[in-house]
Every structure is written in structure tokens, then in C-alpha cells.
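Single chain ahead, written as C-alpha cells, the form predicted on its own.
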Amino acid sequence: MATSPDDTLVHTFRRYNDGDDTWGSMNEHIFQEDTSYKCPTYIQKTPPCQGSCPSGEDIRGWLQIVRGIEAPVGDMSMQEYAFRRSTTANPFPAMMGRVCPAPCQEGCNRNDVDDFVGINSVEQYIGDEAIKGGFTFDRPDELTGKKIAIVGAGPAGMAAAYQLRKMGHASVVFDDHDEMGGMMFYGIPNYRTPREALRHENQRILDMGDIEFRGNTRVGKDVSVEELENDYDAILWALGAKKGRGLFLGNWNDVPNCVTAVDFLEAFNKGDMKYTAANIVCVGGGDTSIDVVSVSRRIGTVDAYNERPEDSAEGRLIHDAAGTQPCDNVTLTALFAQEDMTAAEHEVHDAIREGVHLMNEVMPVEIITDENGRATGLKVIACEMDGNMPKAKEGAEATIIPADLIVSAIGQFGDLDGVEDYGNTDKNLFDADAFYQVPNKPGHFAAGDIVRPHLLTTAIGQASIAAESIHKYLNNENLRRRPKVDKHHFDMLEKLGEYSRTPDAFDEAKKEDLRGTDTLDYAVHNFDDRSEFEIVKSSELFLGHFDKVNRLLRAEDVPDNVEVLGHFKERMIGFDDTQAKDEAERCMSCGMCFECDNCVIFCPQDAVFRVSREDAPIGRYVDTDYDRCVGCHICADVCPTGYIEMGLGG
């Protein structure tokens, strides 16, 4: 198994600087205890991986399950328990584990030790094991009698249907395609999102019952918005951004063999494009542009090509693939340097290995056309960024890249044809407030790319909030301000309930002195959940506890420039049980105890002790004997996860 190549990081994990070994006052010279009377308190916080995840997954939680720290009740397997924790927020672990660009990994505090935890790799493992095991979603047996119309069967629409069904609401999902999945199906190639796995994850949502999919049905054409308003209790607009943005060059709309990446990839994913022209130029720099050039290298071209490449790239021509040969001239241009491209780093490296020619820090300035008005090349020039706009470098000479087909992958927007009165036609998107309500349209909500084109996981996170807003709307509840850290947090009380250890009901009348909770059964003693307010930083952790452990890398089936033609095997090879556990063990459990025993071992007063498993089956809670504690702070200093803070104990 390959390991992370970064062996250059050197750390001296110190809480104090040179010279901090002497005290500044006589009182501190004879220090015996903390005169502030602070003692250890146990504060659950949000880890930065979850704080960086747009869908708000309890990443720390399912990593702890895979590594074996948190165990399920009864005979449920680790794999199923991890699946259930993961899908609290996101019903597509197999897909997200493969294609999400993983902002969670960028936020991971482990980056300050050696390298981030391979969160995507473990998530793919959870998703694949769920498919193998045939795991299903729970849902309430009783329905509320409410039904929601969801327009769009992409990640936002299907995630919303899932969340609403968990709340007891039925839904009908309308889409103008014959398959569910939206951009996961029609915008991403099958070697990145395997179709059977994608179909399985969508079908698992339908299998919850009382969720209906109506394909090949366009709202605003086949069914009117007025019909939806009359027949349903609420409407969620999850249309996606299905129109691509053309290059900002004067003749773009007049040149026939200039197409958008959205049309190009949809034609391929529908099976309408089996091969393409010999000279392909794509302008972009994000993951979508990588998909365009990688597809081009895979499908290749044919000898004596005499078709119009834009016909197949826009789904107007279905042709055979007999006698294909490589497209040797596939070029991707980007405004930024390679290290600053928005595409995932490994995707860029894979494209280069597959034979794509990458031109960085260049901007398109002219489409070169022939006497028939067709593009024969794209003129580019070296550029630098002036704020958010590129400008040609002084003295730079232009280059003409030969092109039979020019593909623009510089952005997307919504298709509001037939629903113009409900969206914002100036932006070709839908307006939505913080609760994902459409302003001045009671009962209308919106989520996903139609609100703000971004990541798949962003659409899923928005859908979850929109589903909550719809639920409150249907129950005539006021919408309250969303939490500062708006995620799907681990719930200690819910976990204790799994083990029938739910604290007793609080009865104020029976308790005169409320200053202590160590002997009481109505509270988790000296514990506070700050997850909705605080993300724990690496500076709050004792990083010296963690040894350097190289990250396990998934194996990848990436062809070289010779093997790439006709290569449609899945790219990401998932972990086995051992690999998943080993990688999950690299998690530092930021903001939550993971039973390292440092506080117990290093306490000089023997004041910190473990709670018995019978009283705290989660195994994540230690207690303090405040008759022994002198407030020396050592337990907080040696806590690797930032879980212990010195506070006024009770």
C-alpha cells in the first residue's frame, strides 16, 4: 500500500516557549493550587473536518466507529453502524467517498502533525459495505399526511426526499431525465461514479416508501407550477444548474463547434457520444474540465473524421465507435498555475498521466474561424490575475491551439424555461434566504446548484436545512436562527439512550442544592456540548501525543497515455476492513475523548478517573474527584483532543 510522500514536516510539540520555565511572581514560585478554583470540565466541540463539510457529516463519529472506539448495541455490525451514523447527514456515502473534493480533509487538524486523515477513503468503504450488506434506511411507520413536490432528482432533491421521509412526509420527485442522480449521473463520467452504485443509493431512498420518482417530466412544460401548488403542501426547487457558461469572447454564440462542458458530458453520459474529433481544447481548471479532457482521451476519434463534433457533443447524433484511435491533441487551459487550480490535485495528475496537455496561466483571447465560420483554433496568451480578472502579461506573445471542438468549462447556471416567474431570471438561479425559503413565495423552497452552483455535498447540506424548514412550515412553527456551527452533531444523550442510560428527569422541587452533579442521575456530570458554537483548533490540542503515521492511499486504476483509449474501469479502488480501520485510527478525535488515558495517568492527585462502562457505555467520559483536584491544569495540558478545559467544576 502506498503512503503519503510528505516526510518533510518536523514538529516540536511544545505548549511553552524557552524561558517559560520560571514564574514571574513570588506567589507563583510557591504555587500549590489554582486560586481560581478551576477544575477539569469536559467540553464536546465540533472537529474542523465536520466544520469544513458542507453537508455537516459527523465524520469524527463514523471514524470512531470504524476504528472500534464506539460500538453499536446488540448484534449490529460495525459497518452498518458506521453507515447509519454517516447517512444521518448524507445518504450517498459511496458516491461522496469517490468524487467529493473533500474540504473536510483540508480542514483536518492532522495536517499540523503529518498529513490529513483519508476521510474520503473511509467514506467510500462505508458506502461500498452498505451496498454489499444491503443496508436500508429507517423511517417512521406513520406518515403526517403531507406531501411535498420536489423538482429535480439530483443530490439536493433526493437528499431532501430522504430527510423529509425521516420526518414522516411523503414526496414526489420530478425530473426531466429518465434516471435519478442529476449531475452525479449526467455530469460525472461513469468511471468516477459507477452507475450501479449510484442507482443503488438512489433506489435505497425510494425504498423508504412514499417517495415517488416521475422521470421525463419537466415542471413548467409537462406539469404546471399551479398544479403543484394545488396538489402539494410545499414545493422544493432543486433544479440544479444544467446550463453551461460560454467563453466571454464576442463570437462564442455564433461558432457552431463551440460547446459547453455540461452539454459535452451529458451527451457522453447518456451514450450519445461514442467518439469525438481529433483536436479538443477545453477552457477551465476545475473538476468538470478534467472530466471533459479525460473523457476525450478515453473515447478517442476515428480516421478520416467527417462529422460535426458539436452534433454528438450536444446529443444530436448517436454514432458507433468502431475503429477508434486516440485523440492525441487534447488540451486543457487554465487561468491559474497548476497548484492553484480548483480541480482536485490527484485529478490533475491523473489527466496528465492520461496524455492531456495542460497549459496554465493562459487566457483565451480569440476564436480562430475559417471561411465557413467554424472554429479551427483558440488563441491564448500568458496572463496574470488582477483581482478576480485575468489580464495579458506585458510583452507576451499569443499562441494558437488547433481545435476541432472548443469546450467551455467556466461555470454553470439554471434553466428556468417555463418557471421564469418563480426564479431570478437576472441570475438564472433561484433566490433563497438562510432557511432556503423562496422570498415572497410562501410554501416554496430551493436548494442545491439552483441557489448557488457549488459542490455536490453543498447541495446535500442545503437540502437538509431546507427539509427542516419545510417541516416547520408544515407544522406552522416559527423558524429560529440557525446554529453558528450548523451541522449534524453527535448527541451524547441520544447515545446514552441507545444503552438505556438516559439521565433521569430533572425535578427542581426535590433538589435544594444544585451546585454539584457528580452524585446525581439527571445529568451527565460536568459535561457540556458546545458543538453548535465552537470548532476546535489544532492549537487547543496536545499534538505531541500523536506519532507520525503516513496516510494510506487508495489504489487507483489510472491508465497512461497508451492505455487510456477505451479505459472505463472504475478509478478508485476501495479499502478492505483492515485498511479502513488503520486509516480511521489516524483520526485525532478533535473535541471528543477517545480514551487515551492521559488525564488519568498524569493527574498528580489521582483526582481524574474513568467512569465505569456500566455507567457510561460510550466509553468517552472521565470524571473528577473534586475533593482531590487542586486545579493544576495538567489534565488539560496533556489532553490530545482539546476535550478538557479548566472551568468552575460542580
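Each residue number is its position in the shown sequence, starting from 1. Just so it is clear, the model here is predicted, and its values are computed rather than measured.
The same protein also has a form predicted together with a small molecule, omitted here; what follows describes it.
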In the predicted complex, segment of 132 to 140, 353 to 361, 272 to 280, 446 to 454 with a heavy atom within 4.5 Å of the small molecule: 446 to 454
Within 4.5 Å of the small molecule in the predicted complex, all of Phe174, Gly181 and Ala459 (non-hydrogen atom): yes
Val564 within 4.5 Å of the small molecule in the predicted complex, heavy atoms: no
4.5 Å heavy atom contact, Arg218 and the small molecule in the predicted complex: yes
Contact of Asp291 with the small molecule in the predicted complex (heavy atom, 4.5 Å): yes
Touches the small molecule in the predicted complex: Ile188 (any heavy atom, 4.5 Å): yes
One residue of Ala238, Ile126, Leu164, Ala466 in contact with the small molecule, assessed in the predicted complex (non-hydrogen atom, 4.5 angstroms): Ala238
Among the candidates Lys242, Lys146, Arg84, His200, the residue which, in the predicted complex, approaches the small molecule to within 4.5 Å (heavy atoms): Lys242
